[in-house]
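Taking the form predicted on its own, here's one chain by itself in structure tokens.
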Amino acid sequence: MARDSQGARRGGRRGRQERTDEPGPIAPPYLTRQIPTFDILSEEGVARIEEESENLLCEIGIEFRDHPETLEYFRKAGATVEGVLVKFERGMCREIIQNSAPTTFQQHARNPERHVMIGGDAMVFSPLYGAPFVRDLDGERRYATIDDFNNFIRLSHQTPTMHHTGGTICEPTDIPVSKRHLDMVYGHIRHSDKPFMGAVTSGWQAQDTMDMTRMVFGAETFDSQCCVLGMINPTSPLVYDKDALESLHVYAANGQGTVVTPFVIAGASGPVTPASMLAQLFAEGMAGMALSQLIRPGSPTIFGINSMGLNMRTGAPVRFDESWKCVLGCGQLSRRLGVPFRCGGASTNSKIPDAQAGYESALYLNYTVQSGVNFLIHAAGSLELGLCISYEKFLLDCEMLGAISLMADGIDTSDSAFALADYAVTGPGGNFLAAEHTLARYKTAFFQSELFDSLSFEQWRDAGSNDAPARANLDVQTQLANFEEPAIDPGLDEALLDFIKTRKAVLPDSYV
């Protein structure tokens, strides 16, 4: 698809102001990769990883706990079921997936101009997922609230480099666990018209997501198209629990997308070497994706991963270690399997948006882009390896995503990219400041950001000597103050609120 270079290449306050002043198409709903991926594994290496994954599935097996329906699906498909342990014939999961799982699919948005493609050369960016804490604009680290959650939805909606509003961006701890999923799904629908993810912490919460999503898109579209995604996490090593299985069944049975995402911590929930981690991640992922296809052949599914190392002295997870190789390796495995790939993004161990946060996030984002990622979760806002979300870092990360969009563009070598006629005018020793080629392209030739400072020292000093987090702090306040809710049909809004009220009336208040 054609990119709107104005929307994609401008960042910060300037970009938002120019998009307001200059009418035109909205920013592209997703990116289309124009650069190659990086294969970290040789042909022999990737084949060995696949072989070891099959060894785990065939010889060790995976437990599917407290869900007889799942066991029956696998038994009928030809697997060996021993209690809750399932052992698969060699190549069985791969065959099931390749026979029916789509290699690409479209997720619908409430605004048709914001539909996204997932898979192939498409890249979709979404925010941090699951942070219990927030570092607010006063610098306080505290538990997140529903106001924080909705604020990050608003920021995601306004930011052109964020294509998707994600799922549980942060946990609204001021609402009971049993009810907060209703407020979060409503927040995605009301405060943005981009695609979103739904609840997955239990089967009935997943079903509430289905009911609300069907109200938004209508039965015909909901029954035939992907309108919502759900994150399905195995319990590594080699276990799927009841809640994950119930949610997977609800999403797949309704033809909605499952993002099957094993989470392996090297030395804790998996071995310490990247090769062993890759084999385990792939085995766990294939088992869940195969189940989605047994439930409803052709239902959208994504191979997702989360991997990190462990500080053996403190027991704390670490971001920058050999586990980053798993991102590249799993991207390669995903392409060979023929399914879309999901991984993490701008992650850091840092507790504040400082230099460490910037370095680690930039390095990790670079690996994710090279991996061929199709759906990038944790693309913005993460501190403390996802335990905390920061308003300032959210916008700073979004600026990096804008710069990444240029890298993903590759190099234009069409006739219009060259300026031979201007050389004839300027001649040797001339300059191109006023050249026709420059004047026609200077507004979109570079990524422009006001959060990443490019002023002279004197200009920076006279503007207040603000560092990047301080500039981001001001920008967050400006964006939230000027936010305009996307349009929604009043009847639909009323119906959603009535649904939420009815469901909350019968749900207990539970904070655990």
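Rigid core: the largest C-alpha set superposing within 1.5 Å between the two forms. Residue numbers here begin at 1 and follow the sequence given. Source: prediction; values computed, not measured.
One more form of this protein exists, namely the form predicted in complex with another copy of the chain; it is left out here, but the text below deals with it.
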Of 430 to 438, 175 to 183, 198 to 206, 213 to 221, the segment with heavy atoms within 4.5 Å of another copy of the chain in the predicted complex is residues 430 to 438
The one option of L328, V339, I118, M162 with any heavy atom within 4.5 Å of another copy of the chain in the predicted complex is L328
Checked I404, A244, I189, A252 for heavy atoms within 4.5 Å of another copy of the chain in the predicted complex; positive is I404
Does another copy of the chain come within 4.5 Å of any heavy atom of W324 in the predicted complex? yes
Requested in this report: Answer with yes or no whether Q98 is in contact with another copy of the chain in the predicted complex, where contact means some heavy atom within 4.5 Å.
Outcome: no
| query | Taking the shortest heavy atom distance, is H67 within 4.5 Å of another copy of the chain in the predicted complex? | reply | no
Item to check | N233 within 4.5 Å of another copy of the chain in the predicted complex, heavy atoms | outcome: no
Within 428 to 454, the residues having any heavy atom within 4.5 Å of another copy of the chain in the predicted complex are P428, G429, G430, N431, F432, L433, H437, T438, R441, Y442, A445, F446, F447, Q448, S449, E450, L451, F452, D453, S454
ask   = On a core-based superposition, does L85 travel 2 Å or more at its Cα between this form and the one not shown?
value = no
Is it true that M215 shifts between this form and the one not shown by 2 Å or more at the Cα, once the core is aligned?
no
Taking the rigid core as the superposition reference, indicate whether the CA of P428 shifts 2 angstroms or more between this form and the one not shown. yes
